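The chain below stands alone, shown as C-alpha coordinates; this is the form predicted alone.
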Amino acid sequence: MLTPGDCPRVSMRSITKAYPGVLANDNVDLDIRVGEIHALLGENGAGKSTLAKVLYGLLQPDAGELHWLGKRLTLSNPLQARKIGISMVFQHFSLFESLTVMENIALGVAAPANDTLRRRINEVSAHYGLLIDPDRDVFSLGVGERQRIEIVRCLLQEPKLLIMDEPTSVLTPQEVDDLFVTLKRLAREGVSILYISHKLDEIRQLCDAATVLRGGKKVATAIPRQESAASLAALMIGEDVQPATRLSDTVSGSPVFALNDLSVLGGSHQALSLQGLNLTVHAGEIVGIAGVAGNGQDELLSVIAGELRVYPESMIWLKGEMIAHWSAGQRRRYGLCSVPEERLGHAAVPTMTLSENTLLTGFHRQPLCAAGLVARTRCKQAAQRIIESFSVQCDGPASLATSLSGGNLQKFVVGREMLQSPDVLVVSQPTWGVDAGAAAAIHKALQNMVKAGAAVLIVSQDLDELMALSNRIGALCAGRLSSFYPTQDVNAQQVGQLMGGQSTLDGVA
(Lines give C-alpha, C1' and ligand atoms only; values in the text may rest on other atoms or scores of the structure.)
Protein backbone atom coordinates (compact mmCIF):
# COMPACT_ATOMS: atom_id res chain seq x y z
CA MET A 1 0.00 0.00 0.00
CA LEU A 2 1.18 3.52 -0.77
CA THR A 3 2.22 5.65 2.15
CA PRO A 4 1.72 9.39 2.69
CA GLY A 5 5.24 9.99 1.38
CA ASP A 6 4.55 8.50 -2.07
CA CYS A 7 2.93 10.23 -5.05
CA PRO A 8 -0.38 12.00 -4.38
CA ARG A 9 -3.50 9.89 -4.42
CA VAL A 10 -5.19 12.61 -6.44
CA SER A 11 -3.80 15.63 -8.27
CA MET A 12 -5.82 18.44 -9.78
CA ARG A 13 -3.91 20.48 -12.34
CA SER A 14 -4.95 23.90 -13.69
CA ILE A 15 -8.64 23.25 -13.00
CA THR A 16 -10.84 25.96 -14.48
CA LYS A 17 -14.63 26.07 -14.24
CA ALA A 18 -16.89 28.98 -15.17
CA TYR A 19 -20.60 29.64 -14.74
CA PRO A 20 -22.47 32.46 -16.48
CA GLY A 21 -20.92 35.63 -15.07
CA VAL A 22 -18.75 33.78 -12.53
CA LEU A 23 -15.29 32.20 -12.81
CA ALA A 24 -15.63 29.71 -9.96
CA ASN A 25 -12.23 27.99 -10.34
CA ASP A 26 -9.35 29.76 -12.05
CA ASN A 27 -6.36 27.54 -12.88
CA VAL A 28 -6.39 25.73 -9.50
CA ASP A 29 -3.83 23.07 -8.48
CA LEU A 30 -4.42 20.67 -5.59
CA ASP A 31 -2.60 17.55 -4.34
CA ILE A 32 -4.02 15.16 -1.73
CA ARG A 33 -1.74 12.40 -0.47
CA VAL A 34 -2.55 8.94 0.80
CA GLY A 35 -3.62 9.10 4.45
CA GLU A 36 -3.69 12.90 4.46
CA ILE A 37 -6.50 15.07 5.81
CA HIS A 38 -6.35 18.10 3.54
CA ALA A 39 -8.35 21.26 4.25
CA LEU A 40 -9.84 23.38 1.49
CA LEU A 41 -10.36 26.91 2.80
CA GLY A 42 -11.93 30.05 1.40
CA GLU A 43 -14.72 32.57 1.76
CA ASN A 44 -18.26 31.74 0.68
CA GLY A 45 -18.21 31.68 -3.09
CA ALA A 46 -14.43 31.21 -3.30
CA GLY A 47 -14.90 28.05 -5.40
CA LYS A 48 -14.46 25.30 -2.81
CA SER A 49 -17.67 23.39 -3.49
CA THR A 50 -17.19 23.70 -7.24
CA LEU A 51 -13.70 22.20 -7.00
CA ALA A 52 -15.02 19.37 -4.83
CA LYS A 53 -17.81 18.65 -7.31
CA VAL A 54 -15.27 18.45 -10.13
CA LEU A 55 -13.33 15.91 -8.10
CA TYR A 56 -16.52 13.92 -7.48
CA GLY A 57 -17.53 13.91 -11.15
CA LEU A 58 -20.62 16.08 -10.64
CA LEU A 59 -19.07 18.82 -12.78
CA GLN A 60 -16.66 18.63 -15.67
CA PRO A 61 -13.93 21.27 -15.75
CA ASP A 62 -13.66 23.66 -18.67
CA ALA A 63 -9.90 23.15 -18.55
CA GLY A 64 -7.35 21.18 -16.52
CA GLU A 65 -6.66 17.58 -15.62
CA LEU A 66 -7.18 15.05 -12.83
CA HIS A 67 -4.67 12.34 -11.91
CA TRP A 68 -5.28 9.31 -9.66
CA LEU A 69 -2.09 7.76 -8.25
CA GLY A 70 -0.16 9.34 -11.10
CA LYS A 71 -2.47 8.24 -13.91
CA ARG A 72 -4.74 10.54 -15.94
CA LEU A 73 -8.33 10.37 -14.70
CA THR A 74 -11.54 11.39 -16.44
CA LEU A 75 -14.74 11.49 -14.40
CA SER A 76 -17.98 11.90 -16.32
CA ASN A 77 -20.29 11.31 -13.35
CA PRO A 78 -20.31 10.41 -9.62
CA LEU A 79 -20.82 6.72 -10.40
CA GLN A 80 -17.37 6.58 -11.95
CA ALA A 81 -15.96 8.41 -8.94
CA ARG A 82 -17.53 5.96 -6.51
CA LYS A 83 -16.21 2.98 -8.49
CA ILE A 84 -12.61 4.08 -7.95
CA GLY A 85 -13.27 4.92 -4.29
CA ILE A 86 -14.29 8.60 -4.11
CA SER A 87 -17.24 9.43 -1.81
CA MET A 88 -18.67 12.80 -0.84
CA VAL A 89 -20.66 14.17 2.10
CA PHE A 90 -22.55 17.17 0.74
CA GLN A 91 -23.23 20.46 2.46
CA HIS A 92 -26.85 20.32 1.25
CA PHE A 93 -28.37 16.94 1.95
CA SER A 94 -29.38 14.69 -0.96
CA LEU A 95 -32.13 12.79 0.83
CA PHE A 96 -35.71 11.81 0.00
CA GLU A 97 -37.83 12.92 2.94
CA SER A 98 -40.64 10.45 2.28
CA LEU A 99 -38.27 7.46 2.53
CA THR A 100 -36.69 5.85 5.57
CA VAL A 101 -33.04 6.16 6.55
CA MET A 102 -32.33 2.68 5.20
CA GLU A 103 -34.13 3.32 1.91
CA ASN A 104 -32.11 6.50 1.37
CA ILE A 105 -28.86 4.71 2.09
CA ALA A 106 -29.87 1.82 -0.19
CA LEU A 107 -30.25 4.26 -3.08
CA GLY A 108 -26.79 5.69 -2.41
CA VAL A 109 -24.92 2.39 -2.13
CA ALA A 110 -26.93 0.46 -4.78
CA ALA A 111 -27.93 -2.27 -2.34
CA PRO A 112 -31.34 -3.73 -1.47
CA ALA A 113 -33.06 -2.27 1.60
CA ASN A 114 -33.14 -5.50 3.58
CA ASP A 115 -32.03 -6.94 6.91
CA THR A 116 -28.44 -7.25 5.68
CA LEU A 117 -28.23 -3.53 4.95
CA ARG A 118 -30.00 -2.72 8.22
CA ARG A 119 -27.37 -4.71 10.10
CA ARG A 120 -24.52 -2.98 8.23
CA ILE A 121 -25.99 0.44 8.99
CA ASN A 122 -26.30 -0.40 12.67
CA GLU A 123 -22.73 -1.76 12.80
CA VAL A 124 -21.14 1.20 11.02
CA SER A 125 -23.18 3.83 12.84
CA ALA A 126 -22.42 2.26 16.22
CA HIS A 127 -18.72 1.80 15.40
CA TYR A 128 -18.28 5.43 14.40
CA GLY A 129 -20.57 6.95 17.03
CA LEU A 130 -23.12 8.15 14.46
CA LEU A 131 -26.18 6.42 15.85
CA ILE A 132 -29.25 6.51 13.63
CA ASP A 133 -32.37 4.35 13.43
CA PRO A 134 -32.49 2.73 9.94
CA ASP A 135 -36.29 2.60 10.05
CA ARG A 136 -36.97 6.24 10.88
CA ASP A 137 -38.62 8.39 8.20
CA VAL A 138 -36.24 11.12 7.08
CA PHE A 139 -38.94 13.81 7.32
CA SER A 140 -39.09 13.20 11.08
CA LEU A 141 -35.35 13.83 11.61
CA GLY A 142 -33.51 17.00 12.55
CA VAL A 143 -30.67 18.44 10.51
CA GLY A 144 -27.96 16.86 12.65
CA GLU A 145 -29.52 13.42 12.28
CA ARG A 146 -29.75 13.87 8.53
CA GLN A 147 -26.06 14.72 8.47
CA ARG A 148 -25.34 11.38 10.12
CA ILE A 149 -27.18 9.59 7.30
CA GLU A 150 -24.93 11.24 4.71
CA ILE A 151 -21.76 10.29 6.58
CA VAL A 152 -22.84 6.71 7.26
CA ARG A 153 -23.82 6.28 3.61
CA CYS A 154 -20.32 7.28 2.54
CA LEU A 155 -18.59 5.08 5.12
CA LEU A 156 -20.57 2.06 3.92
CA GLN A 157 -18.84 2.48 0.55
CA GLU A 158 -15.38 2.04 2.14
CA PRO A 159 -13.92 5.06 0.34
CA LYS A 160 -10.28 5.68 -0.56
CA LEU A 161 -10.91 9.43 -0.84
CA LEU A 162 -13.62 11.02 1.29
CA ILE A 163 -14.76 14.54 0.43
CA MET A 164 -16.52 16.31 3.30
CA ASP A 165 -18.27 19.64 2.71
CA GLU A 166 -19.06 21.34 6.05
CA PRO A 167 -19.62 18.03 7.86
CA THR A 168 -19.71 19.45 11.41
CA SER A 169 -21.87 22.52 10.87
CA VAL A 170 -24.78 21.02 12.84
CA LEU A 171 -22.91 18.66 15.18
CA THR A 172 -22.35 19.16 18.90
CA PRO A 173 -18.79 19.43 20.25
CA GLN A 174 -18.96 15.83 21.47
CA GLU A 175 -20.19 14.64 18.08
CA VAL A 176 -17.40 16.59 16.42
CA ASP A 177 -14.83 14.97 18.70
CA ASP A 178 -16.25 11.53 17.88
CA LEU A 179 -16.18 12.29 14.15
CA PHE A 180 -12.56 13.43 14.37
CA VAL A 181 -11.60 10.16 16.04
CA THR A 182 -13.21 8.39 13.09
CA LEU A 183 -11.52 10.56 10.47
CA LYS A 184 -8.09 10.22 12.05
CA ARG A 185 -8.51 6.45 12.18
CA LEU A 186 -9.53 6.41 8.52
CA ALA A 187 -6.45 8.47 7.65
CA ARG A 188 -4.18 6.08 9.54
CA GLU A 189 -5.69 3.28 7.47
CA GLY A 190 -4.71 5.11 4.27
CA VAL A 191 -7.93 6.94 3.44
CA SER A 192 -7.40 10.44 2.01
CA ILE A 193 -9.80 13.13 3.17
CA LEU A 194 -10.60 16.48 1.56
CA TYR A 195 -12.15 18.54 4.35
CA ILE A 196 -14.08 21.75 3.62
CA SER A 197 -15.01 23.81 6.65
CA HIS A 198 -15.22 27.36 7.93
CA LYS A 199 -14.48 26.27 11.51
CA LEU A 200 -10.83 27.18 11.68
CA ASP A 201 -10.13 25.74 15.12
CA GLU A 202 -11.35 22.40 13.78
CA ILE A 203 -9.05 22.72 10.78
CA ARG A 204 -6.09 23.37 13.08
CA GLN A 205 -6.97 20.37 15.22
CA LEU A 206 -7.66 17.89 12.43
CA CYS A 207 -5.93 18.69 9.15
CA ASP A 208 -2.38 17.96 7.96
CA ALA A 209 -2.33 20.52 5.15
CA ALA A 210 -4.50 23.27 3.71
CA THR A 211 -5.09 24.90 0.35
CA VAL A 212 -6.62 28.38 0.39
CA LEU A 213 -8.86 29.73 -2.38
CA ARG A 214 -9.88 33.35 -2.85
CA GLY A 215 -12.04 34.51 -5.72
CA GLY A 216 -11.62 31.16 -7.45
CA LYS A 217 -7.81 31.27 -7.37
CA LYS A 218 -5.38 29.31 -5.22
CA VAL A 219 -3.68 31.96 -3.11
CA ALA A 220 -1.84 30.00 -0.40
CA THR A 221 -0.99 26.67 1.18
CA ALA A 222 -0.46 26.15 4.88
CA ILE A 223 0.13 23.63 7.63
CA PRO A 224 -2.86 24.37 9.89
CA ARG A 225 -1.18 23.31 13.14
CA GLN A 226 1.46 25.97 12.54
CA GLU A 227 -1.15 28.71 12.09
CA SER A 228 -3.63 30.43 14.36
CA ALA A 229 -7.32 30.68 13.56
CA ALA A 230 -6.80 34.41 12.98
CA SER A 231 -3.94 33.89 10.54
CA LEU A 232 -5.93 31.28 8.60
CA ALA A 233 -8.88 33.68 8.41
CA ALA A 234 -6.58 36.41 7.14
CA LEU A 235 -5.30 34.08 4.38
CA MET A 236 -8.89 33.35 3.35
CA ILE A 237 -10.21 36.88 3.41
CA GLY A 238 -7.11 38.98 2.81
CA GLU A 239 -7.54 40.97 6.02
CA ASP A 240 -7.81 40.44 9.76
CA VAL A 241 -11.16 39.36 11.20
CA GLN A 242 -12.34 40.53 14.62
CA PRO A 243 -14.40 37.88 16.48
CA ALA A 244 -17.64 38.82 18.20
CA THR A 245 -17.66 39.76 21.86
CA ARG A 246 -20.69 40.12 24.10
CA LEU A 247 -22.05 43.67 24.15
CA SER A 248 -23.08 43.78 27.78
CA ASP A 249 -23.79 41.49 30.68
CA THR A 250 -26.72 43.55 31.92
CA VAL A 251 -30.06 44.06 30.18
CA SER A 252 -32.52 46.76 31.21
CA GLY A 253 -35.15 46.51 28.47
CA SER A 254 -38.72 45.40 29.04
CA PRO A 255 -39.95 41.89 28.13
CA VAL A 256 -41.14 41.73 24.50
CA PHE A 257 -41.48 38.01 23.87
CA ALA A 258 -42.38 35.11 26.14
CA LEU A 259 -43.33 31.45 26.17
CA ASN A 260 -45.65 30.53 29.03
CA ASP A 261 -45.79 26.81 29.87
CA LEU A 262 -45.74 25.97 26.15
CA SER A 263 -46.51 22.32 25.44
CA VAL A 264 -46.96 20.64 22.05
CA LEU A 265 -47.83 17.01 21.45
CA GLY A 266 -46.02 15.25 18.64
CA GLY A 267 -48.09 14.68 15.52
CA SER A 268 -46.82 11.11 15.06
CA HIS A 269 -45.00 8.46 17.06
CA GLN A 270 -41.69 9.86 15.78
CA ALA A 271 -42.41 13.54 16.40
CA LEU A 272 -40.99 15.10 19.53
CA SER A 273 -43.19 16.93 21.99
CA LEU A 274 -42.39 20.25 23.62
CA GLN A 275 -43.08 20.09 27.32
CA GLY A 276 -43.78 23.05 29.59
CA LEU A 277 -41.39 25.58 28.02
CA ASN A 278 -40.95 28.92 29.79
CA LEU A 279 -38.85 31.71 28.34
CA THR A 280 -38.70 35.49 28.37
CA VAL A 281 -36.67 37.70 26.02
CA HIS A 282 -36.18 41.41 26.73
CA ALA A 283 -35.62 44.32 24.40
CA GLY A 284 -31.90 44.85 23.89
CA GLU A 285 -31.08 41.25 24.78
CA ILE A 286 -29.72 38.18 23.00
CA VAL A 287 -30.87 34.88 24.50
CA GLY A 288 -29.17 31.67 23.37
CA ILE A 289 -30.64 28.17 23.29
CA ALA A 290 -28.12 25.36 22.87
CA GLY A 291 -28.99 21.77 22.07
CA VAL A 292 -28.17 18.63 20.14
CA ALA A 293 -30.05 18.35 16.83
CA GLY A 294 -33.32 16.46 17.08
CA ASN A 295 -34.29 17.60 20.58
CA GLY A 296 -37.19 19.81 19.55
CA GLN A 297 -35.49 22.76 17.84
CA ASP A 298 -37.50 22.42 14.64
CA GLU A 299 -40.77 22.12 16.56
CA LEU A 300 -39.91 25.13 18.70
CA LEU A 301 -39.11 27.31 15.67
CA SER A 302 -42.31 26.18 13.92
CA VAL A 303 -44.41 27.11 16.95
CA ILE A 304 -42.74 30.49 17.44
CA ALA A 305 -42.94 31.41 13.75
CA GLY A 306 -46.62 30.48 13.53
CA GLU A 307 -46.19 27.55 11.16
CA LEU A 308 -47.65 25.37 13.91
CA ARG A 309 -50.32 27.05 16.02
CA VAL A 310 -51.03 26.03 19.60
CA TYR A 311 -53.68 26.59 22.27
CA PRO A 312 -54.44 28.04 24.75
CA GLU A 313 -53.65 31.54 23.52
CA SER A 314 -51.68 32.44 26.64
CA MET A 315 -48.79 30.16 25.68
CA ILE A 316 -47.04 32.76 23.47
CA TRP A 317 -46.78 36.52 24.08
CA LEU A 318 -45.45 39.26 21.82
CA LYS A 319 -45.29 42.87 23.03
CA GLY A 320 -48.08 42.24 25.53
CA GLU A 321 -50.39 40.41 23.12
CA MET A 322 -51.33 36.73 23.21
CA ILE A 323 -50.35 35.47 19.75
CA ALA A 324 -50.52 31.67 19.93
CA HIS A 325 -53.56 31.65 17.60
CA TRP A 326 -52.07 34.19 15.15
CA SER A 327 -50.87 33.18 11.70
CA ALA A 328 -47.24 33.51 10.63
CA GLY A 329 -48.14 36.62 8.62
CA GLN A 330 -49.88 38.28 11.55
CA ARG A 331 -46.84 37.68 13.74
CA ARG A 332 -44.51 39.16 11.15
CA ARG A 333 -46.64 42.25 10.74
CA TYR A 334 -46.62 42.73 14.52
CA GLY A 335 -42.82 42.50 14.67
CA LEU A 336 -41.74 38.84 14.95
CA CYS A 337 -39.45 37.60 12.16
CA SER A 338 -37.69 34.25 12.03
CA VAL A 339 -34.94 32.35 10.21
CA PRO A 340 -35.45 28.55 10.10
CA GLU A 341 -32.62 26.05 10.25
CA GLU A 342 -33.07 24.68 6.74
CA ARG A 343 -32.25 27.51 4.38
CA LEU A 344 -32.82 25.82 1.00
CA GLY A 345 -36.40 24.62 0.73
CA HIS A 346 -37.72 26.16 3.94
CA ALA A 347 -36.21 29.64 4.25
CA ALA A 348 -35.88 30.02 0.47
CA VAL A 349 -37.48 28.39 -2.57
CA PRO A 350 -34.62 26.96 -4.68
CA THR A 351 -36.20 27.67 -8.09
CA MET A 352 -37.21 31.24 -7.28
CA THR A 353 -34.99 34.27 -7.77
CA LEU A 354 -33.60 36.26 -4.87
CA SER A 355 -36.05 39.03 -5.72
CA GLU A 356 -38.96 36.58 -5.50
CA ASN A 357 -37.62 35.07 -2.28
CA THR A 358 -37.45 38.57 -0.81
CA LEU A 359 -41.16 38.99 -1.50
CA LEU A 360 -42.11 35.74 0.25
CA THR A 361 -41.59 37.11 3.75
CA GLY A 362 -40.85 40.77 3.12
CA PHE A 363 -44.27 41.88 1.88
CA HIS A 364 -45.66 41.72 5.43
CA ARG A 365 -43.42 44.57 6.63
CA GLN A 366 -42.28 46.29 3.43
CA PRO A 367 -44.23 47.93 0.56
CA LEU A 368 -43.49 45.18 -1.96
CA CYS A 369 -47.05 45.03 -3.26
CA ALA A 370 -49.22 47.80 -4.69
CA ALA A 371 -52.98 47.60 -5.33
CA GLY A 372 -52.86 43.86 -4.77
CA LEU A 373 -50.09 43.31 -7.34
CA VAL A 374 -46.43 42.47 -6.86
CA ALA A 375 -44.25 45.58 -7.17
CA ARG A 376 -41.39 43.85 -9.00
CA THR A 377 -39.11 46.89 -9.05
CA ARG A 378 -39.43 47.30 -5.28
CA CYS A 379 -38.74 43.58 -4.77
CA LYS A 380 -35.64 43.86 -6.92
CA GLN A 381 -34.48 46.93 -5.00
CA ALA A 382 -35.08 45.20 -1.65
CA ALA A 383 -33.11 42.14 -2.80
CA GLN A 384 -30.30 44.39 -3.97
CA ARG A 385 -30.14 46.05 -0.53
CA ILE A 386 -29.75 42.62 1.08
CA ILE A 387 -27.04 41.64 -1.42
CA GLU A 388 -25.07 44.83 -0.81
CA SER A 389 -25.57 45.01 2.97
CA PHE A 390 -24.48 41.41 3.56
CA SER A 391 -21.94 41.03 0.73
CA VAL A 392 -23.87 38.19 -0.91
CA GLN A 393 -21.83 36.87 -3.82
CA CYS A 394 -24.25 36.25 -6.67
CA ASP A 395 -25.24 37.50 -10.11
CA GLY A 396 -27.79 39.98 -8.76
CA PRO A 397 -31.45 39.85 -7.68
CA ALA A 398 -32.34 37.66 -10.68
CA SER A 399 -30.10 34.83 -9.41
CA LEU A 400 -31.91 31.65 -8.43
CA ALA A 401 -31.60 30.73 -4.76
CA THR A 402 -30.22 27.32 -5.70
CA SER A 403 -27.35 28.96 -7.62
CA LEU A 404 -25.86 30.46 -4.44
CA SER A 405 -23.30 28.71 -2.30
CA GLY A 406 -24.64 27.59 1.06
CA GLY A 407 -22.94 30.38 2.97
CA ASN A 408 -24.10 33.09 0.58
CA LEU A 409 -27.68 31.84 0.74
CA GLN A 410 -27.44 31.91 4.53
CA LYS A 411 -26.26 35.52 4.42
CA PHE A 412 -29.15 36.40 2.12
CA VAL A 413 -31.80 34.72 4.28
CA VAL A 414 -30.51 36.23 7.53
CA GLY A 415 -30.18 39.64 5.87
CA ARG A 416 -33.70 39.47 4.46
CA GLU A 417 -35.15 39.10 7.96
CA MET A 418 -32.87 41.63 9.64
CA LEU A 419 -33.61 44.37 7.12
CA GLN A 420 -37.30 44.11 7.96
CA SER A 421 -36.42 45.77 11.31
CA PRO A 422 -38.28 43.30 13.53
CA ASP A 423 -38.89 43.88 17.22
CA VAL A 424 -38.09 40.21 17.83
CA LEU A 425 -35.84 38.05 15.64
CA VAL A 426 -35.72 34.31 16.19
CA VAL A 427 -32.89 32.68 14.24
CA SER A 428 -31.73 29.08 14.06
CA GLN A 429 -28.07 28.39 13.25
CA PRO A 430 -27.36 31.99 12.10
CA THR A 431 -23.87 31.29 10.76
CA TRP A 432 -24.25 27.70 9.60
CA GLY A 433 -21.78 27.17 6.75
CA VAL A 434 -20.55 30.75 6.44
CA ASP A 435 -16.93 31.83 6.49
CA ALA A 436 -15.23 33.71 9.31
CA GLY A 437 -15.68 37.09 7.70
CA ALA A 438 -19.36 36.53 6.94
CA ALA A 439 -19.97 35.14 10.43
CA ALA A 440 -18.41 38.26 11.93
CA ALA A 441 -20.64 40.44 9.72
CA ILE A 442 -23.80 38.55 10.76
CA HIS A 443 -22.81 38.74 14.43
CA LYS A 444 -22.22 42.49 14.12
CA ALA A 445 -25.59 42.96 12.41
CA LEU A 446 -27.34 41.02 15.19
CA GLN A 447 -25.63 43.15 17.80
CA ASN A 448 -26.60 46.34 15.94
CA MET A 449 -30.23 45.18 16.06
CA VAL A 450 -29.94 44.69 19.80
CA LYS A 451 -28.34 48.11 20.25
CA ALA A 452 -31.38 49.57 18.48
CA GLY A 453 -33.67 47.87 21.00
CA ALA A 454 -34.65 44.62 19.29
CA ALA A 455 -34.79 41.28 21.08
CA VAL A 456 -32.95 38.31 19.56
CA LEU A 457 -33.39 34.60 20.27
CA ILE A 458 -30.67 32.36 18.81
CA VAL A 459 -31.04 28.58 18.59
CA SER A 460 -27.66 27.08 17.74
CA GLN A 461 -25.38 24.11 18.22
CA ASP A 462 -22.33 26.37 17.95
CA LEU A 463 -21.45 26.90 21.61
CA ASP A 464 -18.65 29.33 20.80
CA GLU A 465 -21.16 31.50 18.96
CA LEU A 466 -23.71 31.37 21.79
CA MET A 467 -21.12 32.03 24.47
CA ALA A 468 -19.77 35.02 22.53
CA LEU A 469 -23.14 36.65 21.73
CA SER A 470 -25.73 35.71 24.35
CA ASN A 471 -26.60 37.67 27.47
CA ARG A 472 -28.38 34.61 28.84
CA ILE A 473 -28.10 30.98 27.81
CA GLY A 474 -29.98 27.72 28.33
CA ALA A 475 -30.48 24.44 26.50
CA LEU A 476 -33.19 22.34 24.91
CA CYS A 477 -33.09 18.58 25.53
CA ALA A 478 -35.83 16.03 24.73
CA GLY A 479 -38.35 18.83 24.25
CA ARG A 480 -37.65 20.51 27.60
CA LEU A 481 -35.92 23.81 28.27
CA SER A 482 -33.40 24.12 31.07
CA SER A 483 -33.13 27.11 33.33
CA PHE A 484 -31.41 30.13 31.77
CA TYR A 485 -28.24 31.66 33.20
CA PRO A 486 -26.21 34.82 32.60
CA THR A 487 -23.62 33.72 30.07
CA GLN A 488 -20.84 35.39 32.04
CA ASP A 489 -21.56 33.00 34.93
CA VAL A 490 -21.25 29.67 33.05
CA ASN A 491 -18.74 27.89 30.85
CA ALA A 492 -19.08 25.60 27.83
CA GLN A 493 -18.82 22.46 29.95
CA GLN A 494 -21.73 23.57 32.12
CA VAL A 495 -23.82 24.39 29.07
CA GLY A 496 -22.94 20.92 27.79
CA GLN A 497 -24.48 19.49 30.98
CA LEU A 498 -27.69 21.37 30.20
CA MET A 499 -27.61 20.06 26.63
CA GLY A 500 -27.38 16.56 28.06
CA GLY A 501 -30.63 16.94 30.00
CA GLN A 502 -29.62 18.56 33.28
CA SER A 503 -32.30 21.16 34.03
CA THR A 504 -30.30 23.31 36.47
CA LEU A 505 -26.67 23.91 37.42
CA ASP A 506 -25.50 23.46 40.97
CA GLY A 507 -23.92 26.54 42.47
CA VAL A 508 -24.99 28.93 39.70
CA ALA A 509 -27.62 31.51 40.53
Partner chain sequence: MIRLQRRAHASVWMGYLAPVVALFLTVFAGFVLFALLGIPVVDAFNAYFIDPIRDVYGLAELGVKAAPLIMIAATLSLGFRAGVWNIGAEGQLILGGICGGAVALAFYDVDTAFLLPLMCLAGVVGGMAWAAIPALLRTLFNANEILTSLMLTYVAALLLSFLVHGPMRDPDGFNFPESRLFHDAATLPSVLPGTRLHIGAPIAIFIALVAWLVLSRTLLGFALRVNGEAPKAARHAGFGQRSLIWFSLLFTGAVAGLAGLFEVAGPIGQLNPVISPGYGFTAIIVAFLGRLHPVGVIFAGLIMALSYLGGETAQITLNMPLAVTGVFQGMLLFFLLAADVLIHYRIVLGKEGARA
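Residue numbers count along the first chain shown, from 1. In this text, all values refer to a predicted model and were calculated from it rather than measured experimentally.
Below, we turn to the form predicted together with its partner chain, even though it does not appear here.
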Q | Non-hydrogen atom contact residue 325 with its partner chain in the predicted bound form at 4.5 angstroms | A | no
Q) Do residue 332 and its partner chain share at least one heavy atom pair within 4.5 Å in the predicted bound form? A) yes
Q. Going by a heavy atom distance of 4.5 Å, is residue 307 a contact of its partner chain in the predicted bound form?
A. yes
Q. Does any heavy atom of residue 406 come within 4.5 Å of a heavy atom of its partner chain in the predicted bound form?
A. no
Q: Pick the stretch from 317-325, 99-107, 154-162, 360-368 whose residues have a heavy atom within 4.5 Å of its partner chain in the predicted bound form.
A: 360-368
Q. If you check 356, 175, 208, 299 against its partner chain in the predicted bound form, which one has a heavy atom within 4.5 Å?
A. 356
Q) Only one of 116, 351, 377, 226 has a non-hydrogen atom within 4.5 angstroms of its partner chain in the predicted bound form; which is it? A) 351
Q. Should the three residues 338, 342 and 346 be counted as contacting its partner chain in the predicted bound form, with contact defined as a heavy atom within 4.5 Å for each?
A. yes
